[in-house]
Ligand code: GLP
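Consider the single chain below, provided in C-alpha cells and representing the form predicted alone.
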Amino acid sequence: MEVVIQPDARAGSVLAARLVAKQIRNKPSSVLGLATGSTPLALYGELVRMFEEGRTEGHPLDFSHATSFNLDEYVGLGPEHPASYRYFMQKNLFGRVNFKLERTHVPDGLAADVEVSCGQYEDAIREAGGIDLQVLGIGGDGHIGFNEPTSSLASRTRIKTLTEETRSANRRFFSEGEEVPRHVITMGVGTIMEARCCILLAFGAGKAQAVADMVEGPISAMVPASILQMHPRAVVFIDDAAASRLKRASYYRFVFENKPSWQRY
C-alpha cells in the first residue's frame, strides 16, 4: 500500500486525478470503478477541468471509449432522485465530459429482483474485462463502498443494511424530513479487490482513525478497508489531518518525496 500525504484535500485530489487521467491516456478503453459522496468531488472536478482544458488546447482527455461501474446505489431510489448515485454521477462527471451513457453503469436501485440484478452487475464487470482502476472513499468506521464493518472480505455485489452511523452521515444529502434508505446495493469487498489498481481518498480529522486502522492496523472485517493491505497496487491519498494518527507518517512522506521520476504523478 502506498500512502501519499498532501497538505490538504485539494492537493490530494489533484494528484489522484492525475493518476486517473494517466490510466485513461495509456488505455482509452479503460474500465473505471467510481465512488460517490463528497470526498471524490474535487477529483471529478479536476478531471472535468482537464477535459475542458484539453479540448481547448487540442489534446483532450477522452472518456468516450472508457467504461464505468459505480460502487453502490440506494435501494428504492431511481436515477431521477437527487440523492441517487446515478443522479450524482450525471451531475458531477458523466454530463460534464464525453462519457457515453451506455458505457456507464450504476447498480439498479429499483430492480424488481435485487439478487438477480446484483449477479448481472458482477457479470457485466467481468464481461467488460474487469476494473482497471477503482476509486474509493472510506467511512469513519472503515467501510469501503457500503461494506459495513463485519462484511465478508470475500463478498460480491449484494444488498446491505446500513448502520445508523452511516445513515446519519448521509442524511445531509436528503431533503428535510425525507427518510434515508436503510438498504443499498454495493460492490462487495472481493469485487473491489479484483480491480487492477485501487485509489482511496480520505480527508479531514474525522477520517484519521479509520485511515490509521486501514493502513497500520490488523486486517479485519471490522475495518473492511484494511483488506487493501493485501492489494498489489493500492494508493491512498490523504491530507495532513487524516494522516494525524499514522505512526509511520514521516516514512510515507519520505517515500513520496524520493520517488524515481518515472514513478511520479
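In case it trips you up, residue 1 is the first one in the sequence shown, and so on. Every value quoted in this text rests on a predicted model; they were computed, and no experiment measured them.
The form predicted together with the named molecule exists for this protein as well; it is not shown, and the discussion that follows is about that form.
Shown without its partner, this chain lists S84, T166, S151, T104 as candidates; in the predicted bound form, only T166 has a non-hydrogen atom within 4.5 angstroms of the named molecule. From the list 153 to 161, 175 to 183, 105 to 113, 67 to 75, the contact stretch for the named molecule in the predicted bound form under a 4.5 Å heavy atom rule is 67 to 75.
For the marked spot (T56, P60 and R96), a heavy atom within 4.5 Å of the named molecule in the predicted bound form is absent from each of the three residues. In the predicted bound form, at least one heavy atom of G137 sits within 4.5 Å of the named molecule. Although the partner is absent from this view, Q90 stays clear of the named molecule in the predicted bound form, with no non-hydrogen atom inside 4.5 angstroms. Of the heavy atoms in T39, some are within 4.5 Å of the named molecule in the predicted bound form. Interface membership of Q120, defined by any non-hydrogen atom within 4.5 Å of the named molecule in the predicted bound form, is ruled out. The partner is not shown here, but in the predicted bound form the stretch 193 to 217 reaches within 4.5 angstroms of the named molecule through a heavy atom at K207 alone.
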